[in-house]
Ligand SMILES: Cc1ncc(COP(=O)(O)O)c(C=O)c1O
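Next up: a single chain in C-alpha cells, the form predicted alone.
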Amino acid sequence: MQAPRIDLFEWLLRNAPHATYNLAFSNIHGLTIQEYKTLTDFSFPDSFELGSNAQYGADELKKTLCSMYNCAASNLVTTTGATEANFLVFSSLLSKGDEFIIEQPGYQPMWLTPEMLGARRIPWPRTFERGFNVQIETLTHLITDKTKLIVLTNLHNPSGVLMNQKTLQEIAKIAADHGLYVLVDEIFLGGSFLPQPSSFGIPNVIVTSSATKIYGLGGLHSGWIIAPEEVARHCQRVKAHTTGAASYTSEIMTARILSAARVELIRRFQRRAKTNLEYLTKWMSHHTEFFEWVQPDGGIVCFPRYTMKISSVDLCKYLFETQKILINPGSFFNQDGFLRLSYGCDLPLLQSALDALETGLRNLRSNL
C-alpha cells in the first residue's frame, strides 16, 4: 500500500509559516490554559501518572460522549482526531474492489484514504447552482452491487452548507434499502448557525467528529466514532493497528471541558464566526466583479467561485507570492474555479487580509 500525496496538507504545511494572512486553516483560535482553567477549574494532581493509558478510551470521555450523543459506550470509539476516526471507518468497511459514493467537491482525505485501501470513488456532485445541496434523486443511480458506503460531511466541507435532518434521513433510507452504511463527518456541525442534532441514531449512520475545530482544542486532538455496535467493534479492532490507544491525558482534559463548558465553547466559536461572516458578507457584496458565492450556514469556511480565467492553484500561488495571503485552491477539493476561504481569524486580521486580497486580485486582473 502506497500513501497518496494529500495536496491540501502539503500546501498548508509548506506555506503557513510564511503567510502574513492565513485564510486557509479551518479551526477556531485555540483555547488558552487560563481560559481552560477558568471554564473547568481543573488541573491534574501532582500524583497523576503520565504513563496512564486506556486502550478503549478514558471512561470520563466516554461518559461525556454518551451524554452528548445519547448513545451507549458500545457505540463509540475514541480516536486521535477525526482523521484517525475516518481512517478506522474506511478500513473497517471497505476492501479492494469495493465502491464508495462521496460528495464532490469534498475534503480530499475523505476519498484519498479509501482509494489508498483499494476502493473506487463514485462522485456525487453538490453543485454551486444547487447551493451545494445534494441531489437525492440521483443517488440511486450511483449505487451498484459493489457499493459499500456513502460519505458526507455536515457542515459541508468546503462550502459550509448545512444538510438538514430530513435530507439525511432520506439518504439513510435509500442506503438502508441497499444494505449500506452512511458516514457523516460532523466535525463542523456544532458551528452551524441553525441548531441541528447529530445524525447518529439513524440506524445505518456512522458519525465521526473531534474537539479540534469548533471547540478550540486542536492541541489535545481528541476525536471519536459514534456508530452501530457492530461497526464500532470492528473499528476498535482496527485501532489496535494504528494508535492502539489515544492520549489518556488529552481525553481527560477533553472530557472535563466538554462536560463543564461545551455550550460556552460553542458560543465562543459562534461569536467570532458570526461577526466575521457578517463582515465577509458585506465584502462579498461589494466585490461581485471577483466572486460569487453560496453563503455558509455556519462554521468558518466558504467556497466562493471566482470570475478570472486562471487555475485555482495558480491564483492561490500568485496571491501568496505577491500578498502573502494563504487560501486553499478549489482543485484540492476537486472543484477548480473556486477557493476555500476561511474566516476564523481575528476580525482586524480578516479585514486586512481582505484588503490585501482585493489588491492582489486587481493587480492580477490588470495583467491577465
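Computed from a predicted model, the values in this text were never measured in an experiment. Each residue number is its position in the shown sequence, starting from 1.
Although not depicted, the form predicted together with the named molecule is the subject of the following passage.
Comparing 242 to 250, 180 to 188, 292 to 300, 67 to 75 against the named molecule in the model of the complex, the single stretch with non-hydrogen atoms within 4.5 angstroms of it is 180 to 188. Across the proposed site, Y107, T153 and T212 without exception bring a heavy atom within 4.5 Å of the named molecule in the model of the complex. In terms of contact with the named molecule in the model of the complex, the residue from L162, A273, A82, L93 that brings a heavy atom within 4.5 Å is A82. The partner is absent here, but in the model of the complex a heavy atom of N86, alone among N86, S198, S192, Q236, sits within 4.5 Å of the named molecule. By the criterion of a heavy atom within 4.5 Å, S26 is counted among the residues contacting the named molecule in the model of the complex.
Proximity of R126 to the named molecule in the model of the complex: non-hydrogen atoms within 4.5 Å are absent; the residue sits far from the partner. A residue is said to contact a partner when one of its heavy atoms sits within 4.5 Å of a partner heavy atom; T113 fails this definition for the named molecule in the model of the complex, lying far away.
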